[in-house]
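Shown below, as structure tokens, is a lone chain in the form predicted on its own; questions about how it binds or moves come after it.
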């Protein structure tokens, strides 16, 4: 039996080591590449032939969700691997966004030793996986919020605006953001103005709080 090839992306080396130990002891699963952030995961997904990418949601430079979008674009060439999201947070916005961008599942790190192997196998079969406790809690919370008439999770910003707000929240200047995204500083400032207008916010502090809630950075 040929083992499925896995790309593992997490910005914490200890977490990667633990997850790799869980996966590599299974005869049908093997980690063939590791990434320390989302941008590196996208690069490796282009360079290394893999069947499944396991992505931490919150990573520097590019989040797991942003990386998953980029990797998923390879679908048009018929070569996109399956994707599985890892998170420390039981958060319905992360969950629904993970499904929306095409991930096969959502696993909490706190129960990775129990659920990750099964989630990987489900994803490789083309099936969705969310551990039962998370599913019931997420659905119950979603329905309760809808019943109370609260605003439901939705994507407000464009992908580029997500990239800009993440880097703003990480403390980068307009010049540094421009270099990171290969755009002009004037374009960065224009994106910043649009983001503030869309979100009804005034400053970096408010943008940082939004970035944490949206899973773009960790608190």
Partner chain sequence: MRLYWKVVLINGAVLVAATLVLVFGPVSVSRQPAASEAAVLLPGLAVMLLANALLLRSSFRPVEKVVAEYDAMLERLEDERAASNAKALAAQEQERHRIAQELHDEVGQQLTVVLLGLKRIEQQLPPDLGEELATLRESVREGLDDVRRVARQLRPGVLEDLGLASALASLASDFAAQSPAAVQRQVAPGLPPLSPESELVVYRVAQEALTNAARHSGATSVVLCLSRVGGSVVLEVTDDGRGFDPTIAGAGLRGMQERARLVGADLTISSTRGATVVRLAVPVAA
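Predicted model only: the values in this text are computed from it and were never measured. Whichever C-alpha set is largest while still superposing within 1.5 Å between the two forms counts as the rigid core. Residue numbers count along the first chain shown, from 1.
The discussion below concerns the form predicted in complex with its partner chain, not included here.
Contact annotation: residue 91 falls within 4.5 Å of its partner chain in the predicted bound form, judged by heavy atom distances. Taking non-hydrogen atoms only, residue 121 never approaches its partner chain to within 4.5 angstroms in the predicted bound form. Residue contact check for residue 113: one or more of its heavy atoms lie within 4.5 Å of its partner chain in the predicted bound form. Not displayed here, its partner chain is kept clear of residue 196 by more than 4.5 Å at the level of heavy atoms in the predicted bound form. Relative to its partner chain in the predicted bound form, residues 3, 7 and 50 are all farther than 4.5 Å at every heavy atom. Heavy atoms closer than or equal to 4.5 Å to its partner chain in the predicted bound form belong, across 16-51, to the residues 18, 19, 21, 22, 25, ordered by sequence position. A displacement of 2 angstroms or greater separates the C-alpha positions of residue 179 between the shown form and the other one, with the rigid core held in common. The two forms, fitted on the rigid core, differ between the shown form and the other one by 2 Å or more at the CA of residue 211.
In the predicted bound form, the separation between the C-alpha atoms of residue 104 and residue 212 shrinks by 3 Å or more relative to the displayed form. Annotation: residue 172/residue 11 CA-CA distance longer in the predicted bound form than in the displayed model, change of at least 3 Å.
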